[in-house]
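What follows is one chain in structure tokens, specifically the form predicted alone.
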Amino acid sequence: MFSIIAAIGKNNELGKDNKLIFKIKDDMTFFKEKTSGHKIVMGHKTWDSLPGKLKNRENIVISRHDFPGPDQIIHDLDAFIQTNQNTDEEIYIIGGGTVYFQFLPYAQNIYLTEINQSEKDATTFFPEFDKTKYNQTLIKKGSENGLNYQIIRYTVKNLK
């Protein structure tokens, strides 16, 4: 099963110049706790933005080219989705914007840290989705460095 995890601003802002816009310690802790011990899937730009391979996770990168570093490189996204969409294993999609858009129709869970602030110079955005098709569970509310946020789990309603 695919689960998306992201932190977004009021206007679905994700990043600026291949960097996160909002850095909230609780969000980073939540991300680490959720994704540790799991496969994480990302685009090449997201991989390049990381300080290195994320520990205790299988780092999988979508790319047309081979390069050193990740545990696996996906060249055929459709085949990867077909092979993994019905597994019991939770596979986390961690970005960027295009990768979120590609996986959104297949994600059973979306974990969003929704930050009550906007960034007018954002260059990457989370895709729009119909929140009425999901059950919403508030995981945590908080405030850090003047940023109010809430972490919400969206789960597709038609799941058994």
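Residue numbers here begin at 1 and follow the sequence given. Values in this document were obtained by computation on a predicted structure and should not be read as measured data.
Although it is not shown, the form predicted together with a small molecule is what the next lines describe.
Inset, instruction - Name the residue from 46, 59, 35, 109 that puts a heavy atom within 4.5 Å of the small molecule in the predicted complex. - result: In short, 46.
Inset, instruction - Counting non-hydrogen atoms within 4.5 angstroms of the small molecule in the predicted complex, say which of 133, 120, 55, 65 makes the cut. - result: The residue in contact is 65.
Inset, instruction - Verify the contact flag for residue 139: yes if a non-hydrogen atom of it lies within 4.5 Å of a non-hydrogen atom of the small molecule in the predicted complex, no if not. - result: No - in the predicted complex, heavy atoms of residue 139 and the small molecule never come within 4.5 Å of each other.
Inset, instruction - Indicate whether residue 23 is a 4.5 Å heavy atom neighbour of the small molecule in the predicted complex. - result: Judged by the heavy-atom cut-off of 4.5 Å, residue 23 is well away from the small molecule in the predicted complex.
Inset, instruction - Mark residue 151 yes when one of its heavy atoms lies within 4.5 Å of a heavy atom of the small molecule in the predicted complex, and no otherwise. - result: Answer no; every heavy atom of residue 151 is more than 4.5 Å from the small molecule in the predicted complex.
Inset, instruction - May I ask you to state whether residue 18 is within 4.5 Å of the small molecule in the predicted complex, using heavy atom distances? - result: Contact check for residue 18: yes, within 4.5 Å of the small molecule in the predicted complex.
Legend entry - Contact at 7, 75 and 97 by the small molecule in the predicted complex, all three, heavy atom at most 4.5 Å: Yes: 7, 75 and 97 each sit within 4.5 Å of the small molecule in the predicted complex.
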